[in-house]
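In the form predicted on its own, a lone chain appears below as structure tokens.
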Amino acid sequence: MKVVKFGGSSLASGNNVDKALNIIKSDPDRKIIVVSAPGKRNAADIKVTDLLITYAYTSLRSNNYDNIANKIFKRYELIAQYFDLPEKELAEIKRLLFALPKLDYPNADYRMATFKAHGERLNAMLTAKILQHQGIKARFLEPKDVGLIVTGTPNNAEVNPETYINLKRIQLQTDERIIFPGFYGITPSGHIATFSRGGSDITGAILARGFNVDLYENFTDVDAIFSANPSIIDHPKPIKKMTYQEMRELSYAGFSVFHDEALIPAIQGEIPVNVKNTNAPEKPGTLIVPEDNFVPQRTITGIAGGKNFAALYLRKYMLNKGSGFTLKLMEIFNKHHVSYEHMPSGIDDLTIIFKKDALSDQLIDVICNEIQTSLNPDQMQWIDDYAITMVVGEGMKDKLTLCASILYPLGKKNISIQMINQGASQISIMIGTRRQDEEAVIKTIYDNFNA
């Protein structure tokens, strides 16, 4: 049995949905289908999720929200018309969509989560109706039906372990397809809460683990996961097979195919993941597997970079002899709910690396002021111009000269290295540079190892 997830670009129009349905029908093992909200049909289009966010804000400001609601409904209506689905089949979808502003919500965050989640919820309902119209036995199920329980915050939920107990109780008939909305779950009190960015991938992984399937197929709009960003490297090599940990490391730094949290349920359940192209389902794509018995074919599997980083450099003489400095630093971060990414250190100094999207200018100033007052560092510098490149590969283990092989070509190009850090797993090397050098770093490393 397989769980199959389709992204928003794969479900943006009737023609795209038709391709997805043909994929589903071509393999009887594709039993559990996770759908995203309809994405962009072209570069100038707007995702349904973004329209729903506008709908949420518009309906707060005034009662004149019919235009935006009708615009959203039209997206579903056009898909239904492509399949000659009778208009009466859309009545429940329209009712649920137009009822959103009238529901009671615990607070504004739950309200926004509920609006956003309906992109997936309504699309799953529609997909099930289309399959039924075509004579395929399909059942729409959603989180409240199966007990997909989440905790956390309304727009950044986390799956509760109770979910996996609940999923084991769900009886699936041998001749039916289950159509399930991605992106959200139900809180213990019965409210909708959404996962973070890439939430439908997370839903697919949860169901794959919960139903203990043989394979989780993730259909998107690329043939495979590539060894580097195609917008930086011309025709990078596709990755045929990689490990969970390799994917996690690369996703963290910038690979956009998977959210870096999305694989965790599949990892916990040891479910292989196959990333494939909806437009070319016959191609093998990329298979992501457990580390056990994995034999790497290359030293470096992939290179990824991200420019959305910043760093705080601190110098305190005799730092290595003192105690409590790092603890006080962590207490300041905890007080302001700020998480850091990495903290490489020396005998007198350390650098704390952050993701920029978690910080505002005001928060940066507040944190720096508190550090100066309570820790009195000998030097403190905020580095806003920061990028991180991750070089990842199971084949990197025990390669004694690898760092030299990576850094020497960069030095020849006068690229200044701000930080280098090899992970404890030995399958990744992190390189910190100025943002303007990030693409040159990726090109240089890629060319050196693929010559």
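Being a predicted model, the structure only gives us computed values, none of them experimental. Residue positions are given as counts along the sequence shown, with the first one as 1.
Unshown form predicted together with another copy of the chain; subsequent notes refer to it.
Participant: Between the options E341, E162, E77, E89, which residue brings a heavy atom to within 4.5 Å of another copy of the chain in the predicted complex?
Facilitator: When another copy of the chain is considered in the predicted complex, the option within 4.5 Å is E341.
Participant: Pick from L363, M330, A280, A99: which residue has any heavy atom within 4.5 angstroms of another copy of the chain in the predicted complex?
Facilitator: Contact with another copy of the chain in the predicted complex is made by M330 alone.
Participant: Considering non-hydrogen atoms and a 4.5 Å limit, does another copy of the chain approach Y252 in the predicted complex?
Facilitator: Yes, Y252 sits close enough to another copy of the chain in the predicted complex that at least one of its heavy atoms falls within 4.5 Å.
Participant: Should Y408 be counted as a contact of another copy of the chain in the predicted complex, where contact means heavy atoms within 4.5 Å?
Facilitator: Close contact exists here: in the predicted complex, Y408 approaches another copy of the chain to within 4.5 Å, heavy atoms only.
Participant: Quick one: is K241 in contact with another copy of the chain in the predicted complex, heavy atoms, 4.5 Å cut-off?
Facilitator: K241 lies outside the contact set for another copy of the chain.
Participant: Although the partner isn't part of this model, could you tell me whether L60 comes within 4.5 Å of another copy of the chain in the predicted complex, counting any heavy atom of the residue?
Facilitator: Contact check for L60: no, nothing within 4.5 Å of another copy of the chain in the predicted complex.
Participant: Only one of 280-288, 168-176, 134-142, 241-249 gets a heavy atom within 4.5 Å of another copy of the chain in the predicted complex; which is it?
Facilitator: In the other structure, the partner sits against 241-249.
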